[in-house]
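Taking the form predicted alone, here's one chain by itself in structure tokens.
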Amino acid sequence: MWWRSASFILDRQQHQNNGVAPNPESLLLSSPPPSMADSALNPKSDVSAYYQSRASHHAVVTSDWLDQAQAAVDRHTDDGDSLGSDGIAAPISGGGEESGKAFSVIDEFNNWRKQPDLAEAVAAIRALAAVIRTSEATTMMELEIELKKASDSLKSWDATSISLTAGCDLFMRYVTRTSALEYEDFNSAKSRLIERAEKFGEISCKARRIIAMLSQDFIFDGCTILVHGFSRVVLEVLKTAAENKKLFRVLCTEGRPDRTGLRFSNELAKLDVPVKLLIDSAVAYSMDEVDMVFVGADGVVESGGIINMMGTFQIALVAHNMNKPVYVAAESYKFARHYPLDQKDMAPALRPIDFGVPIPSKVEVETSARDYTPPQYLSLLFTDLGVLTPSVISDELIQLYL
């Protein structure tokens, strides 16, 4: 899937436009099997190792993917010198790199988190890349141990965050999985690790834009979309549709207990998108107006199901019963090695709930903030790996963590 995915084409197109010479690292990796589309590709292009490792499984490039990728490149230009090559600004401070004090991966992580549009997992990926740059290790073993400790520190910072854990695990697999490092001197190996870390950060930052591009064919004029919670990737999908002059309306649930739906409806109003706010219990009442459901995900698990904000499961149940498609927009760094069997089979993520009135001490309150939606209630998942059915997720996870 990745060899024909838009993210792969965008990655290759960017290096071709910049006239970058092929990375010697690509010569160390096995080439994909020949296909009918080989003539459309430049075999010496600077293909990142992240995608080359997947190319041997899927070696097909179709014209529609090329057209979609080119359209995305044409629509998005450089926003200024203050942004990095992936369009993300540098953190406000450089932690121990610039201030001279001891480097802290948590401080670096928090610096990146100050950017409101940056996902928590991407902030962790950027912080881990900084660990490699600032490391004073003299051997690969020392560097890998230091990187593992930093990853564990980030994961323990919020043990309930599925995307944070998955992002750290994928970073470790991606950065350290090439055996070519065993045959280089340490300085060259460290430079290669830094290069791979930066590339992984760029891939992760591009994910939201790629998902928005891939989902546009499913949003048609006159449709009504139900959304739940505040998902930045779903917001990007709807924002892109509005920029493409598509006419649609959105039904937005309130999103108790933190009322994320109120924030989401405010963002849609700024885009002049017709939006209607619903109380959470009015989903079934309003479902006959809906053409599709769009939700994000805190995590995508091995079964093909998702873990997301509380209420997602019941919305999917109602939509499934009324034959409405349920679409999930989620970045690949949220793919996690979890296989929940029921709603209680995952670490609880608790949220305080204010009912506005005193609650007697003898009354128990359910404070879990998320639920699990099984794959049979989901139609498609829009990811930076492509548009996937839930049954494909387990295969993608195997390849990601190989």
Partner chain sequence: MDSRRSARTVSDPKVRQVGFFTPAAPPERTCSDPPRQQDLIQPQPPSSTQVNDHSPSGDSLSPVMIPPPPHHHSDTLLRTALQVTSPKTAFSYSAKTVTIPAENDDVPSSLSPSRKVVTVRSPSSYPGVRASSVPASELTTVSVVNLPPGISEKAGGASVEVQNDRPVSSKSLKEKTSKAERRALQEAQRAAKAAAKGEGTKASSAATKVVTSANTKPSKAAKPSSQKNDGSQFAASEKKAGDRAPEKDRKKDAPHPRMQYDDTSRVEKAKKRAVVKQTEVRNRVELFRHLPQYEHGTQLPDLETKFFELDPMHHAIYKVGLQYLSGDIQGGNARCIAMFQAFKEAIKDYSTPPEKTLIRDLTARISSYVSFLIECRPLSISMGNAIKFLKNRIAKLPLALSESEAKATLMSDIDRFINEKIIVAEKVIVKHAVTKIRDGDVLLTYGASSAVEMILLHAHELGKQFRVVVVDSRPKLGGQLLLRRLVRKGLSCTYTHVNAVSCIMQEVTRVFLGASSVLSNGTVYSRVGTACVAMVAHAFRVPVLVCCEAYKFHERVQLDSICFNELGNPDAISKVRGREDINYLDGFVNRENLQLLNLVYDATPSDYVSMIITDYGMIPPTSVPVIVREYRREHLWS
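Because the structure is a prediction, the values reported are computed rather than measured. Positions refer to the first chain, counted from 1.
Not pictured, yet referred to below: the form predicted together with the partner chain.
Novice: In terms of non-hydrogen atoms within 4.5 angstroms, which of the given stretches 214-222, 201-209, 298-306, 140-148 touches the partner chain in the predicted bound form?
Specialist: Heavy atoms within 4.5 Å of the partner chain in the predicted bound form occur in 298-306.
Novice: At the 4.5 Å heavy atom threshold, is residue 341 in contact with the partner chain in the predicted bound form?
Specialist: Result yes; residue 341 sits at the interface with the partner chain in the predicted bound form.
Novice: How about residue 351: is it within 4.5 Å of the partner chain in the predicted bound form, going by heavy atoms?
Specialist: The answer is no: residue 351 has no heavy atom within 4.5 Å of the partner chain.
Novice: Flag residue 364 as yes or no: does it have a non-hydrogen atom within 4.5 angstroms of any non-hydrogen atom of the partner chain in the predicted bound form?
Specialist: Contact with the partner chain, no.
Novice: Using a 4.5 angstroms cut-off on non-hydrogen atoms, would residue 376 count as touching the partner chain in the predicted bound form?
Specialist: Contact check for residue 376: yes, within 4.5 Å of the partner chain in the predicted bound form.
Novice: Could you run down 277-295 and flag each residue that has a heavy atom within 4.5 Å of the partner chain in the predicted bound form?
Specialist: Counting only heavy atoms within 4.5 Å of the partner chain in the predicted bound form, no residue of 277-295 makes contact.
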